[in-house]
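Just one chain follows, in the form predicted on its own, and it is written as structure tokens.
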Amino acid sequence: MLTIRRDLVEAMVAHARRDHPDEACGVIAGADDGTDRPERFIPMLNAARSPTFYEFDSADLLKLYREMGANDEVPVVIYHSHTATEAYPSRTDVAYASEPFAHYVLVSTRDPEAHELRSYRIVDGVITEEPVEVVESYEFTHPGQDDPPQE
């Protein structure tokens, strides 16, 4: 399951609306500590500038991965938008999915009044949809180290 803060969802949707009718794309990085919490929103330029296809600019992507490595971060969410279809991975999306631990989030902007947001794991060409929990804050959302102390 993807647990993600509301402000990050709003940022993805705003980016998708801003770039419409072209597909928008980007990454939300998080600490490489196994928490699986997206934290740092990084909108990217769709180098393809296409309403039906997205592509990260290779130089921008290299810079991003170097920056994430220096910050001990990983790509927790890789997102892009679909401008005229549902939020479901295309064959091209599946072929380009190379991060087995990432959540692949799709935002559909085909309806100008509403958006559709769905998340998937894509591993070895297999698409598995997962639930999305939108939270105001990560504090106390998972059992364990963030739980309030017991009295």
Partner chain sequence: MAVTVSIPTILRTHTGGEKSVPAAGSTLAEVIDDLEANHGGIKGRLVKDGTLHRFVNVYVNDEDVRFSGGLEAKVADGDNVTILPAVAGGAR
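Predicted model, so just to flag it, every value in this text is computed and none were measured. Residue numbers count along the first chain shown, from 1.
There is another form of the same protein, the form predicted in complex with the partner chain; it is not shown, and what comes next is about it.
*Asks:* Since exactly one of 66, 49, 40, 110 fits, which has a heavy atom within 4.5 Å of the partner chain in the model of the complex?
*Replies:* Checked against the cut-off, the match is 66.
*Asks:* Report yes if any heavy atom of residue 54 sits within 4.5 Å of a heavy atom of the partner chain in the model of the complex; otherwise report no.
*Replies:* Output for residue 54 is yes: heavy atoms within 4.5 Å of the partner chain.
*Asks:* Can you check whether residue 93 is within 4.5 Å of the partner chain in the model of the complex, heavy atom basis?
*Replies:* It does: once the partner chain is placed as it appears in the model of the complex, residue 93 has a heavy atom within 4.5 Å of it.
*Asks:* Can you tell me if residue 76 lies within 4.5 angstroms of the partner chain in the model of the complex, counting non-hydrogen atoms only?
*Replies:* Outside the cut-off, so no.
*Asks:* Is there a non-hydrogen atom of residue 23 within 4.5 angstroms of a non-hydrogen atom of the partner chain in the model of the complex?
*Replies:* Yes, residue 23 lies within 4.5 Å of the partner chain in the model of the complex.
*Asks:* What are the residues of 32-50, in order along the chain, with a heavy atom within 4.5 Å of the partner chain in the model of the complex?
*Replies:* Going through 32-50 in order - heavy atoms within 4.5 Å of the partner chain in the model of the complex - there is one hit, 32.
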